[in-house]
Structure formats: C-alpha cells, structure tokens
Ligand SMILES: Cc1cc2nc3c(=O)[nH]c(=O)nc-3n(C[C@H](O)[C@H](O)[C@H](O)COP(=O)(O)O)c2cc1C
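Here's a solo chain for you in structure tokens, the form predicted alone.
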Amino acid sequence: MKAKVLGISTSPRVQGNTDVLLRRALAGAESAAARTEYVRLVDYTIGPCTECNACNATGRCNVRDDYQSLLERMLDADRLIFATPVFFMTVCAQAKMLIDRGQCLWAQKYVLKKDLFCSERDRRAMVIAVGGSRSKKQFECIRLTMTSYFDSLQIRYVSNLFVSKVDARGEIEEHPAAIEQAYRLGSQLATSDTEPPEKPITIELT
C-alpha cells in the first residue's frame, strides 16, 4: 500500500527556503511511490489555543476554525513533513499556533489516557528548518518542541534537515547539498521496509 505523505509549509513567506526544501522532500517521497499532499499553513485560519481546558474533558479542541479539518489530514497521513523557518531560535509563529492547538492531543493521551488510533500504525515524521543564524543552537528549541508535538500526535520522529546561514528568499536554491538531502530524506521517509531509528537522524548543513 502506498504511504500517504503530508507536507506542511508553515512559512509566512511565499516560496520561502523551507518551502522549497519541503517540495523537494515531497518529490523524493513521490519517487518512492508515495501519495503526497502539500499544505501551506497561511492558507488556513487557525487561531491560538485559548487555554479553556475543555479538551481535558473531551480530548477535542473547542475553538472552531480550520484546525479540525487540518488535524484530520494529519492523523490520516502515514508520514508527515513539517517545515519551518527559524524565528528567534524556534519555530515561526504560524507553526507555533498549530502546535499549541495540539493541546487537545496531549489531553487525550495524558489526561484521558486514550490513544488516537484503534490499532497500531507505522507513522513517521521529519522536520525541515532553515535559519539565517550561524549558531547551531538555533535548532535546539525546534528539536524539543517537535519532539513534544510528535509525541502527542503519536507519530515517530525519525529525521531532521537543518540548514543555517540561509536567510534571503530563494537563497536555498544556491545550496545544492540541501536540495539533494531534502529529496533523499523525503524518499527515505516514504519507504516502509526499514525500521525507524531509535533517535532522529539529523543532517545539519551550513
């Protein structure tokens, strides 16, 4: 059965650097016979978590907007590629808004003690992040945030592609190694005949 791969571009910038790498990763997944879907987060209306705590009783988010339909697609996917630019050493605001709305997922798992799925599924995720800083510390918060988020989504965190010292729109096109690695990791992600690594494989490029 072909894997369903969902790519989420969280950048507010049209054809930003993370967006370019995400599209290459999806192309890599398609080369491995996966079915792919691309989502641009700014095309959706997703508000912040209001901390109403209603999800502690229901496991569902009480805020009604586009979050529910996007969450359905995320849960339906076998593979997830999450792409974000680095803003102030962490994910961008648009990405954080989506992640914070995942409080309902955390509540379902840790408060209500319920699984998201009736049976065990082989679900895997990777992260693409691009930042202009020279410091590799810019990816530390992203690792922590995405580890927590993927845990609540009940999806295995298997790989990262982190690229530093890239800032201007389209600058990533001048970084062939990043383009190549995005394609390779996307293809690898879509392949189901290999066991997932115990810890995420990380490719860091400058």
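Keep in mind the model is a prediction, meaning the values are calculated, not measured. One rule holds for the numbers: they count along the sequence shown, beginning at 1.
One more form of this protein exists, namely the form predicted in complex with this ligand; it is left out here, but the text below deals with it.
Stretch-level contact check against this ligand in the predicted complex with heavy atoms at 4.5 Å: of 115-123, 88-96, 72-80, 101-109, the positive one is 88-96. Within 4.5 Å of any heavy atom of this ligand in the predicted complex lies no heavy atom of residue 181. Though the partner is left out of this view, residue 138 does reach within 4.5 Å of this ligand in the predicted complex, counting heavy atoms only. By the criterion of a heavy atom within 4.5 Å, residue 151 is excluded from the residues contacting this ligand in the predicted complex. Contact annotation for residue 127: none of its heavy atoms lies within 4.5 Å of this ligand in the predicted complex. Note on the partner interface in the predicted complex: the residue among 26, 161, 166, 146 having a heavy atom within 4.5 angstroms of this ligand is 166.
In the predicted complex, this ligand lies within 4.5 angstroms of at least one heavy atom of each of the following residues of 1-35: 11, 13, 16, 17, 18, 19, in sequence order.
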